[in-house]
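Just the one chain here, the form predicted on its own, laid out as structure tokens.
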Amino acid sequence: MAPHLRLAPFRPHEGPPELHGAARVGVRPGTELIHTLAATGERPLAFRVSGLPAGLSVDPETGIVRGTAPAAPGTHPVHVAVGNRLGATSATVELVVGDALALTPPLGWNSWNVYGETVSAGVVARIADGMVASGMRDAGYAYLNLDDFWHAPARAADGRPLAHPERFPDGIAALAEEVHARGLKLGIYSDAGHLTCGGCYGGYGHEAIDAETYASWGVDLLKYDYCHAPVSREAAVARYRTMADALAGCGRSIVFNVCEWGLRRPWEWAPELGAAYWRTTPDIFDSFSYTFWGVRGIARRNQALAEYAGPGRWNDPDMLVVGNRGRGRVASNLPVGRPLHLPFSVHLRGLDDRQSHTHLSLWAMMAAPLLASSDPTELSDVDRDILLNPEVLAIDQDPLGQQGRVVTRRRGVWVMRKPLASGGAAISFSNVSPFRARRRLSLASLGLAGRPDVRDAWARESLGPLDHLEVDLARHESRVFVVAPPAGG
């Protein structure tokens, strides 16, 4: 581990139980719900749940909720208790039946940066098992998303989408059943053009039949790209609206991701279409650079858009590259004037420990979707502890849904403040400079009066009542604190 990196080890299948994941879950009326009540702790666990509406039931050993949501809109408080031989804990999860999905930022995994065009049913099954075994699912990572290249060479004669017959011999529906059986949700990829970015068939002109087929397969999320499509904003809005309308009428709760790289300011129009999140930047690569494709450059662009985020509508600065370490098939190889799948590229060495730590700190403070893109079966202890830290994930998943805002950027240290549903706030210090930095800020200057209790989220330790925060940061290091609400607040 890098020196000075304050990172508490986290073993998801040891110790007393802890509940994680979304505190508010959206589902469309009368549609299927598959949702894992995420909990860590020594196995076996025993779940006791009250308040589930009729039509839904929970597996008492795994916490997986399945069934059909109520036909009428409404909010249902669900009390969840979980115990093991070492203790017990409880919480309330709100089931919100209505049009809005992804009421907290989606957490999950995406195939693109690791596998690119080699994705297959075998890969998905291996990753699903890895998400369970590593504790990712139990920490709240819910989605397993197929990116480009799942497609057959052509559609069926009637226009229906088909999966590649060799890499997905049993089809996507069978794959969705496997993923769902593990308490995960399946995402899929398409494009608003006639071709995808990788040259597979796109969704343009087939929106209705695609949405109907995805629903019949059991798909839970659609990432919709914008290659091979008109440049104008008006055309993009029209194409995304057509797919959004098709998804809204498909009879399934499918989260919609608008992925046109922020070039047409989707934060201004995508929410009206029913999109749950939208890319704000070009694709991320495995670099900490200030370029348009590096972690620092992407974060800075996304930080300016805080006013557009909220429950069910999230700014997406692209996937996490934590854990790639220069090994990602796509993210670690920057193309130089060539398509991504050709071998003309510059290999990137990847993020080090501190940079990975800061990467996730920034994404969590920005209430960004957290979609890991490294192989969960090959994570180092440090990368696992970064991806699974429950207190940092809880900041990202806070039900208030506010994106953190920059307080100051003085001399290469970005200070951010994120209001929390508790009435308190998360405060982060990220040293994005190559030099050591020390900072001291009064909590009053951050709008937090008195001497509230403060907790170090990465170290998972209480610091007691404080009136200021003081940090000594190595290059590229971050600290994240949770400040309790004022007394009586």
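Numbers follow the displayed sequence, beginning with 1. Computed from a predicted model, the values in this text were never measured in an experiment.
Another form exists, predicted in complex with a small molecule; not displayed. Remarks below refer to it.
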{"query": "Listed residue (L348, V97, A176, C197) with a non-hydrogen atom within 4.5 angstroms of the small molecule in the predicted bound form", "finding": "C197"}
{"query": "Listed residue that, although the small molecule is not shown, lies within 4.5 Å of it in the predicted bound form (heavy atoms), from W269, F292, W261, Y308", "finding": "W261"}
{"query": "Contact test, all of D353, D383 and W458, partner the small molecule in the predicted bound form, heavy atom 4.5 Å", "finding": "no"}
{"query": "Contact segment among 166-174, 221-229, 409-417, 366-374, judged by heavy atoms lying within 4.5 Å of the small molecule in the predicted bound form", "finding": "221-229"}
{"query": "Residue contact check: M319 to the small molecule in the predicted bound form, 4.5 Å heavy atom", "finding": "yes"}
{"query": "Touches the small molecule in the predicted bound form: D138 (any heavy atom, 4.5 Å)", "finding": "no"}
{"query": "D396: touches the small molecule in the predicted bound form, heavy atom cutoff 4.5 angstroms", "finding": "no"}
{"query": "Proximity of H357 to the small molecule in the predicted bound form, heavy atoms at 4.5 Å", "finding": "no"}
